[in-house]
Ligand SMILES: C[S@@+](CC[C@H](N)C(=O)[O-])C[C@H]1O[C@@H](n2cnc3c(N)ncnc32)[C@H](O)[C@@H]1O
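Okay, so here's just one chain, in structure tokens, the form predicted alone.
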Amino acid sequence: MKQNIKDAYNKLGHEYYKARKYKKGISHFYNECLEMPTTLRLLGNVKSKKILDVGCGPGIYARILSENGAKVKGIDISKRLIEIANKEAPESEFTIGNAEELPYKDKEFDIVMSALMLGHIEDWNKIFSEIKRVLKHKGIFVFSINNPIVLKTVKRNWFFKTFDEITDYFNEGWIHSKWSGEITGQKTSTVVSEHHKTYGTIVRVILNNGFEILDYEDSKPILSSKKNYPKQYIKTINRPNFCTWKVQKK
């Protein structure tokens, strides 16, 4: 499914970036107002830290972390997103590459982070092995994903009411959705795939690859988004769309 994701971001990467950068639409809400505040809290004080952003996208995290005193490198499978990242965060160093074969030295980084990337990968063991390799002793890995419960939530209608139901949670596998956007004045869309894992599977991958869990937090929208995105705010204030994990190399 890596080619699927690569094609999606090469196709719609600029529209995705514009939505986030210029505060337009739900991409801005779900990233800047929902996922990022949680992940940045768990990253904590990054001053003077060497950080690797795996699945760095358009470099928005890299810019923020650099502004807070970190030295950042980023890697992403999408050439389009790396081109944008180089302009968004010119003080950082970006590479087009595969998260399962990181082109970095052993024990190079204090922190590795990954925002909403791991969900696009079926087998996390190779990635965790690579991240452990490039982390220093007691190094930190912070990653966010779509909440496993929400991935398995579907809408149900009953008379005049609509409600959410968790279904088929223990059936791990691919979930496919459609993204759409505007490119050169023409509407276009692409399919994006997410691999659902239970909490039990996630915890086992973390522990079996030589990490310990330090912290965990479900996403919650920032209060200021209530005015600009009232529908999304109401939808997510009691519904944890994303979750962020903070683990440490043993």
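A residue's number is simply how far along the shown sequence it sits, counting from 1. Remember, predicted model here, so these are calculated numbers, not experimental data.
Note that the form predicted in complex with the ligand isn't included here; everything after this is about it.
J.: Out of 54-62, 22-30, 200-208, 215-223, where are the residues with a heavy atom within 4.5 Å of the ligand in the predicted bound form?
T.: Checking each option against the 4.5 Å cut-off leaves 54-62.
J.: Is it true that 78, 98 and 121, all three, sit within 4.5 Å of the ligand in the predicted bound form, judged by heavy atoms?
T.: Yes, all three are in contact.
J.: If we define contact as a non-hydrogen atom of the residue within 4.5 angstroms of the partner, is residue 116 a contact of the ligand in the predicted bound form?
T.: Yes, contact at 4.5 Å.
J.: Which residues within 8-29 place at least one heavy atom within 4.5 Å of the ligand in the predicted bound form?
T.: The stretch 8-29, when checked against the ligand in the predicted bound form, contributes 9, 16, 20 at the 4.5 Å heavy-atom cut-off.
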